[in-house]
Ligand SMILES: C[S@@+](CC[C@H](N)C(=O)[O-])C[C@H]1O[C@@H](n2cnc3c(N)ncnc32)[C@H](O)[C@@H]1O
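In the block that follows, a single chain appears as structure tokens, in the form predicted on its own.
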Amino acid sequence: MLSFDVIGDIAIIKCFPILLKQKNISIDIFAKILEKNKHIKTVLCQKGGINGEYRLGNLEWVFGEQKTDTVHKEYGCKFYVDLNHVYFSPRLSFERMRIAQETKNGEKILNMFGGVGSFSIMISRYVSISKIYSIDINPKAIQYALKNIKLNKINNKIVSIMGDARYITMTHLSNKVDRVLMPLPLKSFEYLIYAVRALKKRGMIHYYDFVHSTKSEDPIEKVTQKVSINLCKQGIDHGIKFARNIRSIGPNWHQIVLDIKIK
């Protein structure tokens, strides 16, 4: 059974060599995807993994309408995305709502890797927060975030900032927020100390990481130990309030989230 992700009206499948070589088989498979899923208009093929500073996939149009832009809907929110220029994962839908439900009214929040605004907008829609500072280094992501803020009628709650979260945190946001989001697993460990510095005297960090673990290892425990050792070395009193194995991203590879309480 061929699995695929759906973003708006676009289906994204992993391109195996046999699909690319045997075009007649491929076209039949792609046509069936559209036939069984009437809302899907386009099929894109992802060749390889997510790469580069902007977290982009190597996507190729293979069937249906020839486009890479769409509007994705979840939990009453809408997100413009162009998958050639910005990163978006429908598999984090549950996480976006979970963080919104964890957030308290009146909080100030830092989203260090804001993307097109999906986490920030979800929180702003469901919680009466004070402010969210949503940072991203990709100018296209900021462009789409601003569109999405307007689309979802989120007024004066989200500040979209283009740049490196380390620099912006240290120069403008030290000791300013109650909660920090770090939804970029490849950078979170490197940026963790800056997340701590962004918090007021105490607060919460939602930390995401990728980890490789054998069958005899617990991936959650492996990430927990790595993070706790790092924070303890720097004299930071903390506790792990919650941990979850979000998904498998490959053989023995996992995406983990830790909710870290800085005391």
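The first residue of the sequence shown is number 1, and the count goes up from there. Bear in mind the structure is a predicted one, so any value in this text is a computation, not a measurement.
The following text describes the form predicted together with this ligand, which does not appear among the structures shown.
Proximity to this ligand in the predicted complex, taken as heavy atoms within 4.5 Å, picks out 85 to 93 from the listed stretches 149 to 157, 85 to 93, 172 to 180, 99 to 107.
Between the options Ile137, Leu192, Val127, Cys77, the residue in contact with this ligand in the predicted complex by a heavy atom within 4.5 angstroms is Ile137. His238 falls outside the set of residues with a heavy atom inside 4.5 Å of this ligand in the predicted complex. Put simply, Arg55 is close to this ligand in the predicted complex: some heavy atom of it is within 4.5 Å. Of the heavy atoms in Lys131, none are within 4.5 Å of this ligand in the predicted complex. Shown alone here, Ser118 lies within 4.5 Å of this ligand in the predicted complex, counting heavy atoms only. Counting a residue when any of its non-hydrogen atoms is within 4.5 Å of this ligand in the predicted complex, the hits in 162 to 191 run Gly163, Asp164, Ala165, Pro183, Leu184, Lys187, Tyr191.
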